[in-house]
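One chain comes next, on its own, written as structure tokens: the form predicted on its own.
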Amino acid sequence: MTKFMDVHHGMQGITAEQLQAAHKADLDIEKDENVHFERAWADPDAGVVYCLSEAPSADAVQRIHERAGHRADEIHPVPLSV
């Protein structure tokens, strides 16, 4: 399994409650694609949300996000961490 960082643009003004609800929507169905969403961060002023996940593929990450109602604009594998 690979870690992925995905990016969502156009989320200006997102609140902590909205971020939590979006993250929960992913968690509720993540097992369908063997994905695990570990964490999410947001910059409400810039309108950017970041999600860290572990998944078999970027396509699997995108399918979960699409079903949860928030398609990712970018999905990047992150094979190295310290």
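Values in this document were obtained by computation on a predicted structure and should not be read as measured data. The first residue of the shown sequence is 1; numbering continues from there.
The discussion below concerns the form predicted in complex with a further copy of the same chain, not included here.
Peer 1: In the predicted complex, is there a heavy atom of a further copy of the same chain that lies within 4.5 Å of any heavy atom of residue 42, even though the partner is absent here?
Peer 2: Answer yes; at least one heavy atom of residue 42 falls within 4.5 Å of a further copy of the same chain in the predicted complex.
Peer 1: Whether residue 14 contacts a further copy of the same chain in the predicted complex should be assessed with a 4.5 Å heavy atom distance threshold; does it?
Peer 2: Close contact exists here: in the predicted complex, residue 14 approaches a further copy of the same chain to within 4.5 Å, heavy atoms only.
Peer 1: Even though a further copy of the same chain is not shown here, does residue 25 get within 4.5 Å of it in the predicted complex, heavy atoms only?
Peer 2: No - in the predicted complex, heavy atoms of residue 25 and a further copy of the same chain never come within 4.5 Å of each other.
Peer 1: Is residue 60 close to a further copy of the same chain in the predicted complex, meaning a heavy atom pair under 4.5 Å apart or at it?
Peer 2: No - in the predicted complex, heavy atoms of residue 60 and a further copy of the same chain never come within 4.5 Å of each other.
Peer 1: May I ask you to list the residues of 55-82 that have any heavy atom within 4.5 angstroms of a further copy of the same chain in the predicted complex, in sequence order?
Peer 2: 74, 76, 77, 78, 79, 80, 81, 82, in sequence order.
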